[in-house]
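Shown below, as structure tokens, is a lone chain in the form predicted on its own; questions about how it binds or moves come after it.
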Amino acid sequence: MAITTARIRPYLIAVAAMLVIWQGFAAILDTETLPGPFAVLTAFTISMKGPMASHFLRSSYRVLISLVLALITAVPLGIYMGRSSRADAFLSPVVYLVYPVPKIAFLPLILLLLGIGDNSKVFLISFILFFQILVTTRDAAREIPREYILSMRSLGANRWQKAAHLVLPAVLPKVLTALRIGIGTAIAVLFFVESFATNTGLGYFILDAWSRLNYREMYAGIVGMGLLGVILYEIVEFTDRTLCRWTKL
């Protein structure tokens, strides 16, 4: 993955601005509950050489698996609903009924059925992301002009060729947009599911440090969770630049 100066510069500016603001608040409040950024970055470096590294890897695994599961289930179904009025008429009411319900409410039931291991956490995160990606994919598939479909049909394209060379490329940019939005949701849900009934993950690390009044480690865990979000976002950006080059012309 090529990293250019132009790509890094905005991050450096944003980080510098945040460090200045953070240091200002820390100096004004002058309390142990808000240590300065350099103390936290020192704690982050030390923690990543110790126990936090395994928590970071565990959280990364949970989020990545959840994103992949949501994609491979929601995208095909969304395309099917968007291109089939009969399927959409049957399935859309189900989506409209389930989508607004806060999925966090199902967590006790999910824990009972799948246990307190990774399965329940991955299922809940992917369950929430599924509907975000599904609705976006369905709407994108609906918006494909009928003339494009007719043109490919006149050229003798079969159903799979139309899906591979027209429908999927047409919906991919919006799927990636939904994925960008979903990353923020996934990180938020990750913290929630790792905040109890587990002893692994960044969510656990943050709350454990908080319970021990070790505020530097707590903020180090928050920095780690933010770093995970940035890495995932950059992966999506790289995918977008690689697979959707025509949108950048």
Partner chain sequence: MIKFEGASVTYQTDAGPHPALSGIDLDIPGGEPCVVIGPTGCGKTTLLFLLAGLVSSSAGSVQIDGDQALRGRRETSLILQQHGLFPWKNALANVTLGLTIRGIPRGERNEQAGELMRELGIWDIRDSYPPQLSGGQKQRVAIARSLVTEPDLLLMDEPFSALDAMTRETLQNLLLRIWKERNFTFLMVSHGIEEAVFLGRRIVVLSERPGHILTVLDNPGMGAESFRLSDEFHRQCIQVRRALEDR
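These numbers come from a predicted model, not from an experiment. Residue numbers count along the first chain shown, from 1.
What follows is about the form predicted together with the partner chain, which we do not show.
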Quiz prompt | Heavy atom within 4.5 Å of the partner chain in the model of the complex - residue from Asn119, Ser92, Thr177, Ser151 | solution = Ser151
Practice problem: Check each of Leu166, Leu71, Ile128, Leu111 and return the one that places a heavy atom within 4.5 angstroms of the partner chain in the model of the complex. | Solution: Leu166
Exercise. Pick the stretch from 128-136, 142-150, 83-91, 103-111 whose residues have a heavy atom within 4.5 Å of the partner chain in the model of the complex.
Key: 142-150
Quiz item: Leu155: heavy atom within 4.5 Å of the partner chain in the model of the complex?
Solution: yes
Quiz item: Does the 4.5 Å heavy atom contact test between Ala170 and the partner chain in the model of the complex come out positive?
Solution: yes
Practice problem: Between 185-212 and the partner chain in the model of the complex, list the residues on our side with a heavy atom within 4.5 Å. | Solution: none
